[in-house]
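Next up: a single chain in structure tokens, the form predicted alone.
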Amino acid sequence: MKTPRILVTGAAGFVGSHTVDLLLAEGCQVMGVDDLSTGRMVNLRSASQSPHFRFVRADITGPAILDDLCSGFTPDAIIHLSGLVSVVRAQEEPDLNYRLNVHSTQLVAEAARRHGTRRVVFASSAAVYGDHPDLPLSESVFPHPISLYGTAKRASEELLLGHATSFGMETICLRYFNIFGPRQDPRSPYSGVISIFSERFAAGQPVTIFGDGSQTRDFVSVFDIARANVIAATRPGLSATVCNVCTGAPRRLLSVLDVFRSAYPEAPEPRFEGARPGEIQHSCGNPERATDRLGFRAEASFETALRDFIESTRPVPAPAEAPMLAVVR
């Protein structure tokens, strides 16, 4: 059988690097492209050792960049993960949000069409739903994003589904819920609460809870996200669709805090501040469509994955100095 050739945009990022690792483990030929504005080469340390991986540093919105990559590599699928991931910055810089989160998707779709790449997998977001009261959120719910970031993700979905209808392409939009795991930068303005908690606890500093901690999220391991990406890119017989990537299990922020406090019993007490304006109180996705259409279901145990993540980020104690021996003459 022909070895799948997969082009991954945003390859050096949090989700991108895990996706690249899994693609290589599955025997794919992978080309990764990233401008390294937020991605880091250290994330690709393992992938860089593989003869089946090639990395290109480039801004995919640059002139003819994607055409050149697709012409030379001839991918069977493109996994489009690059983009502006800061909700705050998207609000502050609408033009940048449009260029990185909408225009880039158009460029990917058109490069794929021109060069015969039938399948495009797109990193969408639960942000397209906005603050919707009907939980768990299913794909049949009419999207109502409340930020420019969510609006851009929704526009990109429609762009790709339009290419599917017009040109017979297989465009698969994956709506990620709250991702956590290794390589997530806690200093990123869009970093998840779990990576922020991890950094604060590891540093012996108190964490801040906005609100009373009763808010819930559908936390999904980055290893499951990567697996969903790989399935969507490589499984034969898939058609254009939009799917949640989630667990279907809402978890209270206070229950997440309890796991951290059990791992760091000497940590200072958390601080509680007023809820932030516009913050969604509850979010949970319905995973059934991903199971039906992709054969995907999240497998990582939340508690196990969280404890493994905590242990992987725990500071390593400095080695004790050897005792000084007195010399008697």
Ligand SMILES: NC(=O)c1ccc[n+]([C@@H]2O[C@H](COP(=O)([O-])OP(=O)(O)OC[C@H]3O[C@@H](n4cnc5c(N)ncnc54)[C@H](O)[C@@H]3O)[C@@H](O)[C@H]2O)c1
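Treat the numbers as computed from the prediction; the structure is a model and nothing was measured. In this text, residue numbers run from 1 along the sequence as written.
The form predicted together with this ligand is left out here; the points below concern that form.
- A heavy atom within 4.5 Å of this ligand in the predicted complex is found for exactly one of T151, Q184, T247, S221: Q184.
- The partner is not drawn, yet in the predicted complex one stretch among 163-171, 232-240, 74-82, 133-141 has residues with heavy atoms inside 4.5 Å of this ligand: 74-82.
- At least one heavy atom of Y176 is located within 4.5 Å of this ligand in the predicted complex.
- Remark: A58 counts among the residues lining this ligand in the predicted complex, judged by a heavy atom distance of 4.5 Å or less.
- Taking the partner from the other structure, this ligand in the predicted complex has a heavy atom within 4.5 Å of a heavy atom of T38.
- Mapping the unseen interface onto this chain, L23 falls outside it, with no heavy atom inside 4.5 Å of this ligand in the predicted complex.
- With contact defined as any non-hydrogen atom lying within 4.5 angstroms of this ligand in the predicted complex, the contacting residues in 103-126 are A123, S124, S125, given in sequence order.
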